[in-house]
Ligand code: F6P
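There is one chain below, alone, in structure tokens, taken in the form predicted alone.
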């Protein structure tokens, strides 16, 4: 009987348990494979902290990850060699036919290194609420996060109009603005700020004033955590931290609006709320579809790949085309074009 290992690494996201379930059930049903799960990402693989998974009841709807997760990086740190040796030993001691790794950008890079440098039989699945993994049109976790952010901004509308205020909602999205773009459009935000489009504070003030001239008594701004102003382009992370008086872009934006306009401003930072709770129907199905394709790759010994979702189909994507790359919002994106065409300002 073939035995496969599975782990979840990086930040948690809705749909992780559904993906684990898809992998385990299809592997057992199609090829009678046994699955062991490593706890706390690569940490469990290093420490040989594992469990045999036979029953996946309740996995589909459960948020978080039953295997826990961490951001441990095997190829970094002074103990790099020790960690790598432990991974090799534990992989071989379990006689694994393959290791299935579920995670975001950093995890995909580590997975590729395990495949390329150590020769392990690796297959990955794309997980992140940021939707910034290259090689797939969408990652599971993203749709649920957009639903959560949209509902939150919907609720802000009523208090914004009641108090005639500028309401700012900061969503996740450090390098890619997919959540901000989708949630901003679907919630009727008036201004959307994302990392891919540097903004001018002056343009934001003008956009707010135009709404006042049109007798609109409030303004909703959806801003991604990684959004930057035109005067911050090219700054390093250290320089950016030094330049900014406030920790988040939402805080800086709220203070500047109150300083340079006559309008009150309030900030809501959604933070980890976007990653919590049960996955929506789309993410449950997407995670299951991608997870269910893993067993076929293992049986065919088709390793060094990610199972992505391209043009509404599960597709095999070589990890060499995933690791180190980002999926970001481009100017030709149809949702971005639609948002601009109905008058939403991006501050540029």
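Fair warning: this is a prediction, and the values are worked out from it, not measured in the lab. Residue numbers count along the first chain shown, from 1.
This protein has a second form, the form predicted in complex with this ligand, left out of what is shown; the following refers to that one.
query: If you check 184, 126, 141, 173 against this ligand in the predicted complex, which one has a heavy atom within 4.5 Å?
result: By the 4.5 Å criterion, the partner-contacting residue is 173.
- prompt: Might residue 73 be said to contact this ligand in the predicted complex, defining contact as any heavy atom within 4.5 Å?
  reply: Looking in the predicted complex, residue contacts with this ligand do not include residue 73, since no heavy atom lies within 4.5 Å.
- prompt: Heavy atom to heavy atom, is residue 165 within 4.5 Å of this ligand in the predicted complex?
  reply: No, residue 165 is distant from the partner.
message: Would you classify residue 275 as touching this ligand in the predicted complex, given a 4.5 Å non-hydrogen atom cut-off?
response: Yes.
- request: Using a 4.5 Å heavy atom cut-off, state whether residue 225 contacts this ligand in the predicted complex.
  value: It does: once this ligand is placed as it appears in the predicted complex, residue 225 has a heavy atom within 4.5 Å of it.
message: Partner absent here, but in the predicted complex, which of 75-83, 155-163, 128-136, 115-123 has residues with a heavy atom within 4.5 Å of this ligand?
response: Residues of 128-136 come within 4.5 Å of the partner.
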